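Quick setup: one chain, the form predicted alone, written in structure tokens, and binding and motion questions come after.
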Amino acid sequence: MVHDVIVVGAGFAGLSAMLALRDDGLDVLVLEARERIGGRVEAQTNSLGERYDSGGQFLCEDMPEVMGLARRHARTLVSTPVDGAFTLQPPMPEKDGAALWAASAAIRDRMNAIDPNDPGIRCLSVADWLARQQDDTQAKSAFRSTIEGLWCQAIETMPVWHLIDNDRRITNEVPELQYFLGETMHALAEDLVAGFEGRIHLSTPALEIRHGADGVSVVTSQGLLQARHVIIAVPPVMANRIVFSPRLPPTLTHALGVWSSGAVIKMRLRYPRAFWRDQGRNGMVLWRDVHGLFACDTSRDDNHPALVVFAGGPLALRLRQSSEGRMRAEVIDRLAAALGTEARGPLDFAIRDWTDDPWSGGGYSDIVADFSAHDAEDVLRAGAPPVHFACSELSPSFPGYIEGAIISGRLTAEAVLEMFHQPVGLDPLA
């Protein structure tokens, strides 16, 4: 049997592509290496029997695609608790703290005002560029912490042009932590495949893709599958691990090889009560003395008080080298110093280390790590039909987010559909 399209990867990019192709009447088969759908969106059950998001979680009003899906499937929008004061560690007067983070934001705005094609920054890392700025040392430190927490990479390894280009595409004006879903974001992924389960093969990684003018054959551990087109809907680092026969064109092969995955550990601490609110705090903690560490309140309701702690970049790499017990102890010590001794008594402490994940590769998003690879995204978006690529990293809007994954999957599907809708005499695969 020859399918119209095989989609490799059942994250939101792959699912978005699947839905667009299916709605146009195409025969689509989805291959997923994991035992579940969702990709970097995942739900687990804690020791209290509660299901929670251990992967991608947040959304906001300025993300129309994911917000539209949540509303269409009647999922519960839970406002992330923000009433009260945020906490800086080490502590400083509230006025000084507000000024510090405003100064950090000003550095980011100044950076993003630069044209990413400016030849003067072509070979600069974010660290190089930051060293040239005249800002206060503490403001620079806060900026570093924000960037390493968001992109899960050391700023010494990040091309400043790439960060500028990515930041310009993240256009939300309301906080990105505005909402999460009461039923978990992973439940929304499950909604998308309702009625399509038989067309999704789990635990089926694509090992090799043989491609030519007559279509593609995908080699899996379960056998050979054939299609007219294939969409590789996984992060670039993971796509680069697939064997292509014959080899892809040199420019495309190079574009696949210039990416690097970040490092992030997501921790969720469930408490008997939201004790931080007694102090007029909102549960958000920003650490100044350790880069890439951040906490926020993700209580679903008053009966389920919880804090989520993220460790990104070099910090995540350091933490994962110690035992899980030492990691827990360090995080609890830091929370107790910030919010009080009740932080030492969680009912549950769940850890999800995404670093070196076998099917995602690392953090929330891959980044271009080759300072000269300015066209890598454009090359991957173009693909080499019948081989196409889709992932959040390639999205024209919200790269690195669930919103971006949905957009990229849909756009790639639309490009494939155009090829199916060409007059028969012009279709190279007819």
Ligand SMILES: Cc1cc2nc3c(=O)[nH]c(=O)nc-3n(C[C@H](O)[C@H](O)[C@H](O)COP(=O)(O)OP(=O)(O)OC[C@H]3O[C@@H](n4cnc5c(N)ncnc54)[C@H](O)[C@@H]3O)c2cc1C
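Everything numeric here is computed off the predicted structure, so don't read it as measured data. We number the residues from 1 along the sequence you see.
Not on display, but discussed next: the form predicted together with the named molecule.
Although the partner is absent here, F371 lies well away from the named molecule in the predicted bound form, with no heavy atom inside 4.5 Å.
The shortest heavy atom separation between S360 and the named molecule in the predicted bound form is within 4.5 Å. Residue contact check for A316: none of its heavy atoms lie within 4.5 Å of the named molecule in the predicted bound form. Shown alone here, A413 lies farther than 4.5 Å from the named molecule in the predicted bound form, counting heavy atoms only. Checking 260-268, 157-165, 79-87, 341-349 against the named molecule in the predicted bound form, the stretch whose residues place heavy atoms within 4.5 Å of it is 260-268.
A single residue from the set I402, I367, V28, A376 has any heavy atom within 4.5 angstroms of the named molecule in the predicted bound form; that residue is I402. Contact annotation for the candidate site: V41, G56 and M238 all lie close to the named molecule in the predicted bound form (heavy atom within 4.5 Å). Residues of 178-209 that come within 4.5 Å of the named molecule in the predicted bound form, judged by any heavy atom, are T204, P205, A206 in sequence order.
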